[in-house]
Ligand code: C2E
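First comes one chain, alone, set out as structure tokens in the form predicted alone.
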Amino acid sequence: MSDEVTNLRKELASLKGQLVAQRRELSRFRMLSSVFQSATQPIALVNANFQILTVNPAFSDLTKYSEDEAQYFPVNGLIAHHKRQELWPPVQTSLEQEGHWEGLLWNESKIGTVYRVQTHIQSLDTEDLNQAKYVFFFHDVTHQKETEEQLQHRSNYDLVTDLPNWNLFLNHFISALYVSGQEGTQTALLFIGLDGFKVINDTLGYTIGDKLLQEAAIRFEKTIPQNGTLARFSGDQFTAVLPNIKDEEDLAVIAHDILESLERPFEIEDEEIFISCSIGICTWPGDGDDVETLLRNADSAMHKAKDNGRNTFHFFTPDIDAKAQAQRAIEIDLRKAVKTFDEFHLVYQPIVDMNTGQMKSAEALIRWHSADRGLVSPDQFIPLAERNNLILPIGEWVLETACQEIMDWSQHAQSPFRVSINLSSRQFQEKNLPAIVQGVLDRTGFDPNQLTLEITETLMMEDLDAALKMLHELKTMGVRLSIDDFGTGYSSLNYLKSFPLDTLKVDRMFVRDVTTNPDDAAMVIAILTMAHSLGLEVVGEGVETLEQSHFLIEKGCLLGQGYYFSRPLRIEEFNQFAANREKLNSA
């Protein structure tokens, strides 16, 4: 009898253990089910035939398919029809052979919206068609990809006309020269300058000026042969490269077509605008051995056309290289000026907190007042200085002068104050740049945390490894780092995360029309979202109106720089401006 009792107790203990295990399994199942249902990431469980068995609510939110509608739906049917044959086969092969896959898919929702999802798929240990064989995890990256594509487009195309910019044009030009060399044909370069555009800009405003550039670009494009490339060079100047040219007669016909395209007046905002252009033409081989020489000679020919009365074209000849001679004369004067720096001075444009009006920092800008030439535009002498390495002593002088002039004010300011200085491409390529900066800081005693060095986005992306190394060296010194003119180049979010940056400056081209152009507004919002996700301080450049300021504040950009707050000021005026701001904020 005692044996029977003992066995019964064992059976009862076993049943109790099984019951406890089942309860634990049920509890685990309920927990997993709760996690599955509440996960914010869309998830689908799929059987061995690649049919969906069940989905979570986040999946339904993304795809617009309910759980019932999704059940037994072929998972490859989620992929957009026009991408299915391209994308699905490698996914299926990878799953069947390796048991996992990760990558980007173009999916289509129930209502027809195409979106992009970063997808991770992992296999499970089962072949039962009623059980899940694969688990699909989706992450919607549509907005991120669209933003990166917009930025990439901006790196190759002009912001105003949407024509190829200099970067893309240069690639086309070099390619055309290479083909010409291989085939023994001629390639022509046209330099097109609008006549009197500055007067239109000054009298009718930049908005109408930009629209005129856009309309002129459309007309020019219609005259350029299909195998040619038209680009906006800068300002009111366009360039065109024409491969496989037979003779000058062909070029003359195209030039006449370009001139005639502007004969009809432009109707812009109730204004009837007449404008013409002047064209300089050079060819390779014959008019130069490299891109820089060809551009200079085509530009010289264009200025000859302007000298001949405008609204005409001129072929390059050696005797019209007047601009090159003029540049050489400026270079001689610039070299003399750099010896003493007596003709140079700095101006400072305040950067303010747009909510409080408090001045937070200022950007230092160089000016050259030549004894013989008067005020020389930075657009004239900075490119010359870049080409002839004069930018290195100029850059060091700017750095040291700014630190010296700002130090007195910053020591008495009620809150920390910084000065921003642009680094040119040539300076940034100088390996001993950190030593130069450290030398200036040591000599002036300027606090490195109050110094911001600005680098353009395009400059950073030219050589990622070198840029990353240089920025980290500068950062270890305690200086702050900023991307200038952001949005005009192309930076992947992954790359930006790698750089030790503090500040991002939104380019003035976006800010200018942010309250009237939905595309620019969307671009600014996307840039601000990206900057905030990286923890970067943001400055809006080129703020000229109260409306622009309010828009930026509303979207989370608190710092602004532009003529709405102040023009660039000489140090005496700047000190007075700063003192007035301090009194205003302390009152």
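Everything numeric in this text was worked out from a predicted model, so none of it was measured. From 1 onward, residues are counted along the sequence shown.
The same protein has a further form, the form predicted together with the ligand, not shown here; the description that follows concerns it.
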Counting any heavy atom within 4.5 Å as contact, can you tell me which stretch out of 244 to 252, 177 to 185, 334 to 342, 379 to 387 lines the ligand in the predicted complex?
379 to 387
Interface check vs the ligand in the predicted complex: of Asp236, Asp299, Asp513, Asp485, the one with a heavy atom inside 4.5 Å is Asp485
If the cut-off is 4.5 angstroms on heavy atoms, which of these, Arg310, His120, Arg367, Lys211, is the one near the ligand in the predicted complex?
Arg367
Tell me, yes or no, whether Val479 is in contact with the ligand in the predicted complex, where a contact means a heavy atom of each within 4.5 Å.
no
Report whether the minimum heavy atom distance between Glu454 and the ligand in the predicted complex is within 4.5 Å.
yes
Within 4.5 Å, heavy atoms only: does Val543 come near the ligand in the predicted complex?
yes
Does the ligand come within 4.5 Å of any heavy atom of Val437 in the predicted complex?
no
Do all of Ser424, Arg508 and Gly562 end up near the ligand in the predicted complex, with near meaning a heavy atom within 4.5 Å?
yes
